[in-house]
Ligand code: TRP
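Presented as structure tokens, the chain that follows is alone, the form predicted on its own.
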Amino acid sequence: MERVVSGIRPTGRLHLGNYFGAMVNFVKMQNTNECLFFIADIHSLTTHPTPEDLHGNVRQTLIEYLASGLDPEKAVIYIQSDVPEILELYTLLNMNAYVGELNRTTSFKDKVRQNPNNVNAGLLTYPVLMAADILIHHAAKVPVGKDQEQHLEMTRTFARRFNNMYRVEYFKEPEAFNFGRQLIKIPGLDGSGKMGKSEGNGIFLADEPEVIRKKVMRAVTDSGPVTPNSPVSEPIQNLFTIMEVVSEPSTLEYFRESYANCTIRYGELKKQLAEDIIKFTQPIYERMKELSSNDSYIRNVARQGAEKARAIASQTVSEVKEIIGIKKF
């Protein structure tokens, strides 16, 4: 059984893209792998150093993790800041990370262009903190998107560099976990691109039914097919793609045929899609409400997750210090 580590920033709001893009696979993965899932509250400070309600966002993200199907009895679910050993390893790894290679990181250069007034040291050393998150648990696999592939390669570099510098075979070089065809990409409601929080085009798991209806009814469409069997435009294909994962196959087939024979009514399509999304998300939404009112359970999950994560992390830091030569007198 391979050890897998994955983190998510505490935005406090998971949308359908997050759910189908990763969460469904995480729920399956926890049955076949030794999984550690964490909420990366320290990572979030690199781009949002003064969050309005960091604790509230962490709590909501934890609730949404659990409501989506992650099981603290099957996986270790913890909050990054609850494991101080991560920051200790981060500091030690920083001693062997070079400014030149960090400056060349694509995501760092992008963030500098986007927000030149917030180029902090944490942003520069983000890949080192990510490496600490992974290496501290000796993970074999890490689920990553395209934007994180370079960071994972840097984690492999830091692991290899540590082993070479201290003439040991201690850290393993983790590999990317690729969901392959299992990974479903959910488009947004704005007619193009993927669903996201910052784009304002998403359906969130915590959205109330009436909010979902309003969002779907505002979804971008086109002027309608002109001739039978004409190609499906991107905005309509996006709605069909969402329908593929929340609606009955017969429902999707009905609207595809309606589009092909030019009888489709977009108002009818949107109303049906909205109700299907509500039906699909309702169990998750209800579970969120249940968890939100159970503070003792949420605290216990966080506490137990931290204890399990720290058991591994403290041993790693102790062994790393021994290898480096940091010893108590």
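What you are looking at is a predicted structure, and each value in this text was computed from that prediction instead of being measured. Numbers for residues come from their place in the sequence shown, where the first is 1.
Absent from the display: the form predicted in complex with tryptophan (TRP). The rest refers to it.
Of the residues 43, 59, 287, 270, just one reaches tryptophan (TRP) in the model of the complex with a heavy atom at 4.5 Å or closer; this is 43. With the partner removed from view, the residue among 254, 126, 240, 90 that has a non-hydrogen atom within 4.5 Å of tryptophan (TRP) in the model of the complex turns out to be 126. Within this chain, residue 148 lines the site of tryptophan (TRP) in the model of the complex, having a heavy atom no more than 4.5 Å away. Using a 4.5 Å cutoff between non-hydrogen atoms, residue 142 counts as a contact of tryptophan (TRP) in the model of the complex. Of the heavy atoms in residue 38, some are within 4.5 Å of tryptophan (TRP) in the model of the complex.
Heavy atoms of residue 83 never reach within 4.5 Å of tryptophan (TRP) in the model of the complex, leaving it off the interface.
Only one listed stretch (246-254, 204-212, 129-137, 218-226) carries heavy atoms within 4.5 Å of tryptophan (TRP) in the model of the complex, and that stretch is 129-137.
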